[in-house]
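In the structure tokens that follow, a single protein chain appears in two forms: structure 1, then structure 2.
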Structure 1
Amino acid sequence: MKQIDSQNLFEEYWEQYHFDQFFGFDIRPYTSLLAFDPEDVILQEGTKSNHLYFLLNGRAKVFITHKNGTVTLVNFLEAPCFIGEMEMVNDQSACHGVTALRACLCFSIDLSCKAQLLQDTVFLQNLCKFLSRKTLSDVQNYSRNQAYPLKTKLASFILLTANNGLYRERHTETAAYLGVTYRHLLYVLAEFVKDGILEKTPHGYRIVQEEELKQIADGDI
């Protein structure tokens, strides 16, 4: 993670998202621009964050680590969205961890203004809108996982999580997220390799035929 000091870039994103309109007071003095590389931690699981984030571009994954060490993928976050809003509202440590899947750019709000945020009706109304859209997206993803075969779900998952054309998520976590057995997952991955859609490499699976993978994800094949 690193802070971006470019005022021009800051202003560009500020204007693009009309960020001041999300708040009923001047949030600019509390806001900075941060960049996260893939696999950088945005929210540390089990710790309290002093910042509220707004994802401007990129993609992140939400996960939880169980007492036995098993990691479960919970959800994926795509711009634009807030990160850490529930922890801020509930005044609690992050029960879920959040890491960058791809390079991410975020506005970071110093929560020294937390009392003002929680009394700001403009911010709270906008936050409710974001939360409702996030809930609707979660319901749609769940319904999709129930309605489509693994081939379709996996193609969509690979496109979602791949970084620079390389898919490298852990099989155990993927299988649990998609609600299938480890063996079934490996079987479909092997089919994709056999069909020339993916290529297995020492670093993961390289996407060879992206358009065909998109067609599978859309249910057209």
Structure 2
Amino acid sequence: MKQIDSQNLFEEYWEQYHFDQFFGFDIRPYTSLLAFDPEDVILQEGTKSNHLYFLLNGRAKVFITHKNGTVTLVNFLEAPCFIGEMEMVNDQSACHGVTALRACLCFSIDLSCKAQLLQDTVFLQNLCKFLSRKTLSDVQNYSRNQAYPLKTKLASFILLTANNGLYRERHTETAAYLGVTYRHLLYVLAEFVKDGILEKTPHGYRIVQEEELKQIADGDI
């Protein structure tokens, strides 16, 4: 993690996300621009942070570590979103860990202005909206994971993450997100290839029968 001093970049993102609009007062003096490398820890599970982050670019994962050592991937975070807001309002240490998956750019807000934030209706309203959307996204992911077999969930996930008909997520990440073992994921992926729905290429899996895949994702098969 390192601070980015480029004023240009700062301005660029500030404009892009209309960062002013989230606050009823001038948050600029408390804000700086940070870059996280892949694997960098953004929030350490169980420790307290005195910053509130806003993801501008990149992708991060939210996870929980269980007593038996297994790690559950709760969700991905994609820009734009806040990070660390739950901890801030409850004034508690991080209940999830957050780690960068790709290079991430964030605004970092120094919580020395916390009292001011908690009196700002503009900010609080936005926070409520972000929180409820995040909850909704978590819960939908969660309940979908319970309601369907991997075949269905994987089909959705491939359609969601493919670019130009090419699926190239890391198997390790996908398996964690979908809540299954790596082994099982490969079984089902192999099944899709055998059925001619996907084709394995050196650059990733190419979607051959998109309609079929959509039907599977809809739980029709």
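C-alpha atoms forming the largest set that superposes within 1.5 Å between two forms make up the rigid core. FYI, numbering is relative to structure 1, first residue = 1. Computed from a predicted model, the values in this text were never measured in an experiment.
By the stated condition, namely the form predicted together with the DNA, the second structure is the one that fits. Once the rigid core is overlaid between the two structures, G204 counts among the residues whose Cα shifts by 2 Å or more. Positional change of A115 between the two structures stays under 2 Å at the C-alpha, relative to the superposed core. The interdomain rotation between the two structures, with the chain split into two rigid parts and fitted on C-alpha atoms, amounts to 41°. For L154, the Cα shift between the two structures is 3.4 Å when the rigid core is held fixed in the overlay.
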